[in-house]
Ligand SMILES: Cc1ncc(COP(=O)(O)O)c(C=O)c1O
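Before any questions on binding or motion, here is one chain by itself as structure tokens, the form predicted on its own.
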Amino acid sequence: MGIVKKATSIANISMNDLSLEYHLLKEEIDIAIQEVLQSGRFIGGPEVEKFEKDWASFLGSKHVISCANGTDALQIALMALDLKAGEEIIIPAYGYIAVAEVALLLGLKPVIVDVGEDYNINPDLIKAAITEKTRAIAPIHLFGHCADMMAIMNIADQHGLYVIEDAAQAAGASVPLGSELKKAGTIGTIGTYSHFPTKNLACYGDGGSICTSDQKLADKIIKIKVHGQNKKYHHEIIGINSRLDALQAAILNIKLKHLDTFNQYRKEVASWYQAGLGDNDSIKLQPVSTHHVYHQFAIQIDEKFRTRLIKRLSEKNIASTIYYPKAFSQQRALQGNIRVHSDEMARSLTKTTLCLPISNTIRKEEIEYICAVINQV
């Protein structure tokens, strides 16, 4: 399947034009949606079962359990591990707040550990942050590039810690473990995913999933996500209500078939950026990697130039976004509720990082135009 957009004059370039991707897959998606509507089964059913089975097969995981969104996936994962109030969970200093948020909702103590220049948690700093209260490490695979899972798993094994992988932005990414490649989310105790519309594997609303190869954990996760019951109206533990609806599952079933193709296209888009910006000494780029799936294309640039660049891109109708404007330690909601071990790099990245448009439908000439505008600034 070719990922192409009709050649037109360059006008507005958004971060990710979701309507174009819909038209690319319109025939398949419309049929899938109509089948659900005609069946009258909107919660559970064959579409959800198919997604869980096929996603597990794609990942090489024994179990995938779908849920309502990526934040619920993280909460359910932590609930399934029976972590107690006051116990500590190590998380990166930079990224989306969800993992810190659910940890605090469950009474846990997030311990902030700095990231490296690749935006992922720095394994060299994790050991020093471990105390007698530490129970888990939760790396975030940011922007489509995975954390150093071999180092993290070695640390976790040495200290008897759980590992919860937040793979919301890394669906389909690979993780090298020596000579072996494994999918993001399948290396730790539990992996979690978001299927929010902008993600690499996305539905048209909220959706999430959880993977594990531990049968007991899988059984408990299934129970937690439906009010703590295995049998209707027989509630054995306290759970929540978090279900992926059949319409979203039907869309994910179509998207999953194209995930590898889409991710490969994103790598190609990244190579166009590399070609267009690689000679600019004012910009630091992430190296193109066969394992990176480029949920975002992030650059680092001096703070004073970043402000000018954002303004100039906007004048040329080119979108750009600062992911993320604050480190976790700078978020008001987390003040007084976390222990900060280290976050110097994270604070620096909030001042220098800028994400540029990338999608499954963006054209090469659009990337060349973006690069030309950046190089002029």
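All values reported here derive from a predicted model rather than from experimental measurement. Residue numbers run from 1 along the displayed sequence.
Unshown form predicted in complex with this ligand; subsequent notes refer to it.
Asker: Which of these stretches, 285-293, 167-175, 269-277, 117-125, has heavy atoms within 4.5 Å of this ligand in the predicted complex?
Answerer: Stretch 167-175 is the one.
Asker: Which one of 200, 253, 186, 71 is close to this ligand in the predicted complex, taking close to mean a heavy atom within 4.5 Å?
Answerer: Looking at 200, 253, 186, 71 one by one, just 71 meets the 4.5 Å heavy-atom criterion.
Asker: Looking at 207, 191, 92, 144, which has any heavy atom no more than 4.5 Å from this ligand in the predicted complex?
Answerer: When this ligand is considered in the predicted complex, the option within 4.5 Å is 207.
Asker: If you check in the predicted complex, is residue 79 within 4.5 Å of this ligand, heavy atoms only?
Answerer: Contact with this ligand, no.
Asker: Does residue 196 make contact with this ligand in the predicted complex, using a 4.5 Å heavy atom cut-off?
Answerer: Within the cut-off, so yes.
Asker: So in the predicted complex, is this ligand close enough to residue 305 to count as touching (4.5 Å, heavy atoms)?
Answerer: Although this ligand is absent here, residue 305 would stay clear of it in the predicted complex, with no heavy atoms inside 4.5 Å.
Asker: Answer yes if any heavy atom of residue 98 is within 4.5 Å of a heavy atom of this ligand in the predicted complex; otherwise answer no.
Answerer: Yes.
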